[in-house]
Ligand SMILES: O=C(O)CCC(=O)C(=O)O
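Here you get one chain, nothing else, as structure tokens; it is the form predicted alone.
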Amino acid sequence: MATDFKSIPVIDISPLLAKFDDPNMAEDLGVCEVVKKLGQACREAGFFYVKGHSIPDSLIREVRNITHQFFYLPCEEKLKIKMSAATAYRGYQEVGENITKGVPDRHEAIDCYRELKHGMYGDLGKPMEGSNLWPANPPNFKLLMEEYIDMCADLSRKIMQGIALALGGSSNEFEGDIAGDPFWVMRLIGYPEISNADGHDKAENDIGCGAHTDYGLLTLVNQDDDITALQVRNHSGEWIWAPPIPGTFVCNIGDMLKILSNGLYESTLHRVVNNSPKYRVCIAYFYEPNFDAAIEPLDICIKRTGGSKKLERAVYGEHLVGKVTTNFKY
């Protein structure tokens, strides 16, 4: 359960990464310390920063820079990869096309998903069947993003090992039918700056992205280093800023991990408010369960939370499709 946290902890996960393939990793003192901190962060805030994550800072910056370059292009160029239901909800969204709880968000984005072939998951996967739409301009966009996605997937899997240990399971608790073949989502998001044009000091709606929880297991947030815009809500309803810390990712847990933990871990509400005079870019990578995984509380978590199931079973693909089709304005 989320608490009245006032700040978000920073966790050095390098000891965990150093032992990820060691069958005795749970006995290592460095790993134990990381696991303890991960468990506390997931219980108390549902958010944490990670450093010592092994993804080169140069790649993290390059991904942000090339995303800035795309969003600075003329609208007609961006619309060459326009999102629609026919593109399996992949591609470019204009400002205001993403909807959160009925309100248009003040951001533009490119949405990417793990590619699904026709018939791969039957009717369950049909709305998401298709290939990602990558822009031809800037050059090398696709290659750079695919390299980044691969590294984020590897990092997320290793962090999930630590979270599995924190819940009292084995390091591979989330493999197999849960996330042995994980789905992924990536959103490249651009938040327009606040403009003083025409004498107005503030946009009619300054919420870049409305309050929401994430859908899957774990999110890695790569945000511009010089703009504070992400807010996380604590138990009392206060919005706590999550300022960028260079060299880190902001991480948070999603709805499926909340179910698996039987509510021990919270998928915490968060939103984006860009009050800066600068255009802000954020790249959010979402590590998800298997697309067709039936997610329900783990036995180890039921025992830790009083012996009964507190959360209902959910099929991840159904959960995702329901959210995607609701949040997109045609």
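From 1 onward, residues are counted along the sequence shown. These figures come from a predicted structure and were not determined experimentally.
Keep in mind that the form predicted together with the named molecule is not shown, yet the notes after this line are about it.
Scanning R106, R90, R187, R157 against the named molecule in the predicted complex with a 4.5 Å heavy atom cut-off leaves one residue, R187. Contact with the named molecule in the predicted complex, judged by any heavy atom within 4.5 Å, is made by just one of R233, H212, K126, R114: H212. Shown alone here, I66 lies farther than 4.5 Å from the named molecule in the predicted complex, counting heavy atoms only. With a 4.5 Å cutoff on heavy atoms, R280 counts as touching the named molecule in the predicted complex.
Contact annotation: C301 falls outside 4.5 Å of the named molecule in the predicted complex, judged by heavy atom distances. Interface residue remark: I55 is not counted as part of the site for the named molecule in the predicted complex, having no heavy atom within 4.5 Å. Shown alone, this chain has one stretch from 55-63, 25-33, 281-289, 258-266 that lies within 4.5 Å of the named molecule in the predicted complex by heavy atoms: 281-289.
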